[in-house]
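For reference, the chain that follows is the form predicted on its own, supplied as structure tokens.
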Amino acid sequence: MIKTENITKDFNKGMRDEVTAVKDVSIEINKGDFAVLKGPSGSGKTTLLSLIGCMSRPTSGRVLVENRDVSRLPERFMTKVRRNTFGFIFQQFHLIKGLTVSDNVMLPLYPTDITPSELRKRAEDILNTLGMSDRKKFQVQKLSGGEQQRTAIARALINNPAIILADEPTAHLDTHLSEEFLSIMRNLQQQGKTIVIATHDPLVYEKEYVNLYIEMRDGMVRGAGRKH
């Protein structure tokens, strides 16, 4: 499903402040995995997640998604892979204030070939699944933290992605909301989605259903394994 081959990511290459965020990383994530990239802040987790999700390109090495090398694709094709394959959940929700819940959820598919009525129905179906149908016309700044999180999850699902990438999704949530988030992710995995979460939260990586862990430090993989 996802494979990286000796990928390295340098920032400010050749300059005095050059930084190597990811160094010579090779990993493999299978379809249906619930995978965790674990490690302290600054270990390279977020950078690796962005490379996997086609949000940035490696300085060297290859990223393969569904057996296709995406690391050297022209930007317009890379954008298409990103839109068709991945759903992104960020540490900050990045919801747009002044827009309704429904409008925020539909935003990743603009512009699109899908008709407005079909797009709205898709958003309503997802919100209904997440228990948010009664909030669809609310402006997002009027929601509670948990409701904002579920709106962000709905937005990540609007393109029916095969892979969901989440960057420190529980960092600003209390234990109850973190458990709620993880329950939703578990349900999505059971529906056949591949889940990849970057986190240093033991509440996440100690879950029994996390079947793959990749431990990072100083931009390198320091350990990896499958629980089952």
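Bear in mind that the values here come from a model prediction, so they are computed numbers and not experimental data. Each residue number is its position in the shown sequence, starting from 1.
One more form of this protein, predicted together with a small molecule, exists but is not displayed; see below.
Using a 4.5 Å cut-off to the small molecule in the model of the complex, not one of Gly53, Pro58 and Phe88 places a heavy atom inside that distance. This chain is displayed alone, yet in the model of the complex one of Thr175, Gln191, Ser41, Asn67 has a heavy atom within 4.5 Å of the small molecule; that residue is Ser41. Look at 25-33, 45-53, 58-66, 179-187: in the model of the complex, residues with non-hydrogen atoms within 4.5 angstroms of the small molecule sit in 45-53. Although the partner is absent here, Phe11 lies within 4.5 Å of the small molecule in the model of the complex, judged by heavy atoms. Although the partner is absent here, Met220 is not a contact residue: none of its heavy atoms lies within 4.5 angstroms of the small molecule in the model of the complex. Among heavy atoms of Leu212, none comes within 4.5 Å of the small molecule in the model of the complex.
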